[in-house]
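Only one chain comes next, encoded as structure tokens, the form predicted alone.
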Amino acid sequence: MNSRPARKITTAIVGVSAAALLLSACGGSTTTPTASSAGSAAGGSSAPASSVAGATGPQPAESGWCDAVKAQYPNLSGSVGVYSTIVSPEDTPYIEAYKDFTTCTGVTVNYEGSKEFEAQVGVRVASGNPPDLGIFPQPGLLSQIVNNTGAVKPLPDFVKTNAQKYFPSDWLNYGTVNGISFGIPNNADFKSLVWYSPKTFADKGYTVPTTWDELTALTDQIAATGEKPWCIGIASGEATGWQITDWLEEYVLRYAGPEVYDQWVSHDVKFADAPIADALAKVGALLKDPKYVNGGFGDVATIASTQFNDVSTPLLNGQCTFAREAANFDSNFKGKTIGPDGDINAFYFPPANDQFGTTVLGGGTFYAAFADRPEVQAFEYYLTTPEYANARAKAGSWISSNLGLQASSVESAVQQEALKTLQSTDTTFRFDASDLMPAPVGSDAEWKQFTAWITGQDDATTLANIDAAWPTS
């Protein structure tokens, strides 16, 4: 998530369990999240900017949800509409996962995807034509719509209670605004991964790095041969630049730590302040050095014009060695074998030191309702269940923070390892900072300024311009 979840359609987790994916298990200490004022900055959400991944551990895969819904809503009929940024063909797994709800209740689910969701959802509310439910790509946008329109319906107690059973409290907090629960977590993006070709590694005698120093040493080793080890693309239409927000977030987590990260999300630490400026300088030492980028594409400037998903091709054919992408980057490798002996694999983007443990950057999307008809509330209940999570995962390239989601429902080896890490109590997880920041910053100024930065703008100007975009009220 990679993320800006729906826009950054690739997103996801970090790994720890080393076995299959060689994801590093370094550190492992859990950092207790610090309640932040991210919400107020983002428009009133009470969501903390941090989280401990799976506070209560895995839950059973079956909840008996159908009987519970029929007991609560005995006379269901009609239809429910879902509005989302996710369009064809990526909408198909969602439509598949909704079928069990229709089989149980007789209520049909009408799915509508639009790449203009962010702009249009508010327009639809203002014109009196809101969807029954929306899949919000960012908690900040959900918070903004709640505060600006008052049209979003709080979770019914029946739904909220079930959500509390199956989701860690931190994930529910991301969908909470002004102390009221509005959002149901959907997917979970696990971003702290580096993708590579096992064949390239075998041919060239490389060993998968498990520490920051090993990753740095291998990067230098490859660069010394004249090859450019990293391939990076940040082009994504109007969202061009979002990939660099993830790079900066990874470095802030690794060098400044979770507490500073939380303060940064709430703007108690400014972009121009030393911890963030130092992290950006370190990102620049890699992304702006022509020795290291942009394998398969050209010079540093090509990063801005390369579609973020297009790095899959040079990665497979050996034109570059590393691509930092989320776990759902696996969707770019249809027909390929994923795993340590396959065509493509991923390893955990290791911590810079042992100080902050196993840190994971992630993100996710959230369902929220604009209607409170019985069939809508029944559907919301279904969305909280492990049955929905497992059905959606089986339909393809998806995991969530639902503690009833089973690894056996997840096809990709990389996503399986990501899920295990996400459900572990030993992981220090932080939600995508730009998704929690106010939209003028996280979904506008950062993207534009980092695009200007990668094509030549200096650090100080970039960071000052982003700080200037932070809303004053």
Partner chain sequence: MDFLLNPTSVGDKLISMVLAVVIFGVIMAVLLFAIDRPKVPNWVIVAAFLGPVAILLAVGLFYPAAGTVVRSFQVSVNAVGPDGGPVINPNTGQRLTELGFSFDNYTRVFTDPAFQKTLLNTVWWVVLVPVVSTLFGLIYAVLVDRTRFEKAAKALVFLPMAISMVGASIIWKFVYEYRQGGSPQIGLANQVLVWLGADPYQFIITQPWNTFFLIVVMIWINAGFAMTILSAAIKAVPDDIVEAAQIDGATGFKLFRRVTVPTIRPAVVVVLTTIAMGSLKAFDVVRTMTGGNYGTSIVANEFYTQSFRQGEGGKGIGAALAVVLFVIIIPVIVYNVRQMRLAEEVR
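Everything numeric here is computed off the predicted structure, so don't read it as measured data. Residue numbers count along the first chain shown, from 1.
This protein has a second form, the form predicted in complex with the partner chain, left out of what is shown; the following refers to that one.
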Contact segment among 377 to 385, 231 to 239, 191 to 199, 249 to 257, judged by heavy atoms lying within 4.5 Å of the partner chain in the predicted complex: 231 to 239
Contact residue in the predicted complex, from 356, 94, 297, 347 (heavy atom within 4.5 Å of the partner chain): 297
The single option of 211, 148, 169, 102 touching the partner chain in the predicted complex, heavy atom within 4.5 Å: 148
Contact of residue 118 with the partner chain in the predicted complex (heavy atom, 4.5 Å): yes
Touches the partner chain in the predicted complex: residue 154 (any heavy atom, 4.5 Å): yes
Close approach of residue 144 to the partner chain in the predicted complex, 4.5 Å, heavy atom: yes
Contact flag, residue 301 vs the partner chain in the predicted complex, heavy atom cut 4.5 Å: yes
Full three-residue contact with the partner chain in the predicted complex, heavy atom 4.5 Å, for 266, 401 and 410: no
Residues within 4.5 Å of the partner chain in the predicted complex, restricted to 330 to 352 and counted by heavy atom: none
